[in-house]
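There is one chain below, alone, in structure tokens, taken in the form predicted alone.
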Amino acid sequence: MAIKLFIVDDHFMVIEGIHSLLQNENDIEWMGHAGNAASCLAFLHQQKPDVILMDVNLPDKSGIDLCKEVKERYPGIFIVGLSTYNQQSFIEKMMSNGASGYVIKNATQQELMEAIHTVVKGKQFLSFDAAVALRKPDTGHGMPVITRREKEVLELIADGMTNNEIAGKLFISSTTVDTHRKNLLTKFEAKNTASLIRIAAQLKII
């Protein structure tokens, strides 16, 4: 029985790369991909894969939040976090939200296959780099997980732009900008914009 695999990632080259690595594996059935959280949820409404390889950093919602939502709705689906990040906090948050595994995007074909087969058996899998990151002592302020749009807004806030100016530049409403700003304050545990910028600079996010 082939393992039905689905990928959620907004980088076409990543999807193509993984597809080419796994296309000759007889026990993997490729179900396709989604470029964002909304497309993923729409797909799952129609079809159910066995395993989802899920990017941590998606354009419309963090993969960590999406992971939790998918596991609450479809507990039988196994999720493997897929990321370029090997920060301890990312891995821990993804796993605590229901992921069965975490693989860094430099993983080999062997590691990917091992991850898929391991989680399907109900066990947990960490790629070598992820396991090394988890063994390191935690260093200070956890790295907040932000979407690409939130990062764009954060950089423009740091440039001193107002909500209306940011809205004009990104072609979104000022209400949406304000929502992103509030979400950033919450995620960075910042009391105001000045402390938000300071914390983001300390974490080298801007």
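For the two forms, the rigid core is made up of the largest set of C-alpha atoms that agree within 1.5 Å on superposition. In this text, residue numbers run from 1 along the sequence as written. In this text, all values refer to a predicted model and were calculated from it rather than measured experimentally.
Note that the form predicted together with a further copy of the same chain isn't included here; everything after this is about it.
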Worksheet entry | Listed range touching a further copy of the same chain, judged in the model of the complex by heavy atoms within 4.5 Å, from 172-180, 61-69, 36-44, 158-166 | 158-166
Worksheet item: Among 95, 119, 104, 77, which has any heavy atom within 4.5 Å of a further copy of the same chain in the model of the complex?
Response: 104
Discussion item. Can you work out whether residue 112 and a further copy of the same chain are in contact in the model of the complex, taking contact to mean some heavy atom pair no more than 4.5 Å apart?
Written reply: yes
Worksheet entry | Partner contact for residue 20 in the model of the complex: a further copy of the same chain, 4.5 angstroms, heavy atom | yes
Discussion item. So, residue 3 and a further copy of the same chain: in the model of the complex, are they within 4.5 Å at any heavy atom pair?
Written reply: no
Practice prompt. Evaluate residue 25 for contact with a further copy of the same chain in the model of the complex, applying a 4.5 angstroms cut-off between non-hydrogen atoms, and reply yes or no.
Written response: no
Item to complete: At a 4.5 angstroms cut-off on non-hydrogen atoms, which residues of 178-198 are near a further copy of the same chain in the model of the complex? List them in order.
Response: 191, 192, 193, 194, 195, 197, 198
Worksheet item: Is there a C-alpha shift of 2 Å or more at residue 68 between the shown form and the other one once the rigid core is superposed?
Response: no
Fill in: Rigid core superposition, residue 11 Cα moves 2 angstroms or more between the shown form and the other one
no
Worksheet item: On a core-based superposition, does residue 24 travel 2 Å or more at its Cα between the shown form and the other one?
Response: no
Response to the item:
The CA atoms of residue 198 and residue 55 move 3 Å or more in the model of the complex, ending up closer
